[in-house]
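Taking the form predicted alone, here's one chain by itself in structure tokens.
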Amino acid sequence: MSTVLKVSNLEVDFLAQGTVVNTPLRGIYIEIASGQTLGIVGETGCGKTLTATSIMGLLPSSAVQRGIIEFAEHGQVSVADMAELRGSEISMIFQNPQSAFNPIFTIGAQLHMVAQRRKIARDEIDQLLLARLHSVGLNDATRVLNSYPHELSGGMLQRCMIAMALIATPKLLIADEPTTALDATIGHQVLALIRTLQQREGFAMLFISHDVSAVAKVSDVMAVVYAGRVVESGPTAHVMSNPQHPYTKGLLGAIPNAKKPRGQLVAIAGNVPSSLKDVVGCSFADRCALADAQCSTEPPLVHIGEAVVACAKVRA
């Protein structure tokens, strides 16, 4: 499998009046091959969505981005390059399908505009849109195209957004919490749909979620992010069955499981640091039961089997 996306040492500073006020990403390393899904998981505020928007080149003007992003045969790409690739070779689906569509235009008009921007021949657009809506399970495609966003359910809108993202047959799909705004049943259906489409069309996917169970279902490899850094990564089955980092263990310990004795869910004490600019050493130390003086320095990356872990308390 060829590498579609490789991100090395991605860092982001936010500035106010020329002064750094926060460093929410402090070194993100990820790699995704064609047809593969990488799941990024972590609590709210860990930097998951910011990683995606950095890759897409969508950061605000107050942000300064560093690091290397390599994409498919293009090699290293800049923010300006991403503007050209966005929507054609890289697409993204978002948390809230209602906010993805303009309420004053029909779904068909909006999908048509996307297809035109992708330079798809005019005489091919109508059939393409019908085919795309059918591919995401919307069999009454003509009615959907003629509908306004408020006339469709959240699940139907999410399917429309997936269809819109795949109009140009991208090489990489970024799915940012795609089931958060949906109820559990519809969310499971959407996850299954995305996975089926990926297996059929072969695109790589970056799947972002705070839900470890969802990441486990759809991803081949996973990266656990805490305070703007990948603290553990590796094949999903390996990380789920043999977690090494204390934060990963905490996330897995909080998953409801019918096999666990009643009352055995354990929450991770404390909160993600609100500002990382002045963090010294391991950012998880103040929430970790294993922390000691050794954790006052930046933890090394340690290879444990097929996983890579950033923790001074684990040994290869």
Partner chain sequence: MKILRNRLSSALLVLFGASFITFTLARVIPSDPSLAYIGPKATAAEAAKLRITLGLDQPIPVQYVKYLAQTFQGNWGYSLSTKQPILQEIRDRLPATLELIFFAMSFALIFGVALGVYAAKYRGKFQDSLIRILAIAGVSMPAFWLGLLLQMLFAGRLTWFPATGQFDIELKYDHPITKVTGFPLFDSMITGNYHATFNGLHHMILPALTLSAYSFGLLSRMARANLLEVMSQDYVKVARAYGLSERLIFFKLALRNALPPIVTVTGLSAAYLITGTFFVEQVYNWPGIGSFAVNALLSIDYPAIMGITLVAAIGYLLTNFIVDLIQSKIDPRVWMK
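Positions refer to the first chain, counted from 1. Computed from a prediction, not measured in an experiment: that's the story for all the values here.
Although it is not shown, the form predicted together with the partner chain is what the next lines describe.
Q: Using the partner position in the predicted complex, report whether residue 87 sits within 4.5 Å of the partner chain, counting heavy atoms only.
A: Yes, contact at 4.5 Å.
Q. Does at least one non-hydrogen atom of residue 56 fall within 4.5 angstroms of the partner chain in the predicted complex?
A. Contact check for residue 56: yes, within 4.5 Å of the partner chain in the predicted complex.
Q | the partner chain contact in the predicted complex: residue 143, any heavy atom under 4.5 Å | A | Judged by the heavy-atom cut-off of 4.5 Å, residue 143 is well away from the partner chain in the predicted complex.
Q) Looking at the partner-bound form in the predicted complex, is residue 114 within 4.5 Å of the partner chain by any heavy atom? A) Yes, residue 114 lies within 4.5 Å of the partner chain in the predicted complex.
Q | Contact assignment for the partner chain in the predicted complex, among 204, 133, 165, 225, heavy atom within 4.5 Å | A | Checked against the cut-off, the match is 165.
Q. Only one of 76, 153, 102, 241 has a non-hydrogen atom within 4.5 angstroms of the partner chain in the predicted complex; which is it?
A. If I apply the 4.5 Å criterion carefully, the residue I get is 102.
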